[in-house]
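Shown here is one chain on its own, the form predicted alone, set out as structure tokens.
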């Protein structure tokens, strides 16, 4: 269904206020929406079948062929399409050099069973990850490595925050993820016959010697506290990533990438 394209110019317009509210978790929770910024990300969301609520394009750029095509596509998918001056775009994104396209999308909340898959695969489980930049980067890494899904355990940061979506570089739309308690997740992964390997300072196997297996979950702990002992006790392998020099730890997203690519390497990158 195609909607007519509107033009707005006032910062007090209800749409601008509504889009600005999506920078806060309260706004995202109340509306079930989140923001994506940039033509490439928005195209990716539409391509993957995510439902766009509103598409806003900088008025002076609207005649550009690829943006006109994007507006037409979003409108055909049922989105409201709006043109706005650059100063209003900056108001929504809190950036002086705002992208020329912003869209609000409907969130997707999958059950854990949606990540079930037969055949070989790598899953990533994150226990109480707190930094949205880390979460977005890990979704991007999982996507690049062809992971089967990401599980957010217990209380993680919001995957639909502006920071996470930005850091994911579009992988928020490609990489399936689900929230779960550790107990529900552990029952699910055991039922699927998935091994569980943690990166840990208590590791007994070097990460490149850890037997990930053909169907494996890599579990990573909270940025500050790591994994609780009770969860490490449930793991099949505790892997240690070698380090030397003055730093005593790697960034969580870096460590997750090292573990993920090692598990994939052991499958000869297939």
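Residue numbers count along the first chain shown, from 1. Not measured: the values here are computed from a predicted model.
FYI, the form predicted in complex with a small molecule isn't displayed, but the following is about it.
- From the list 31-39, 52-60, 216-224, 66-74, the contact stretch for the small molecule in the model of the complex under a 4.5 Å heavy atom rule is 216-224.
- Using a 4.5 Å cutoff between non-hydrogen atoms, residue 243 counts as a contact of the small molecule in the model of the complex.
- Looking at residue 21, you'd find every heavy atom of it more than 4.5 angstroms from the small molecule in the model of the complex.
- In the model of the complex, the small molecule sits beyond 4.5 Å of every heavy atom of residue 257.
- In the model of the complex, the small molecule lies within 4.5 Å of some heavy atom of residue 199.
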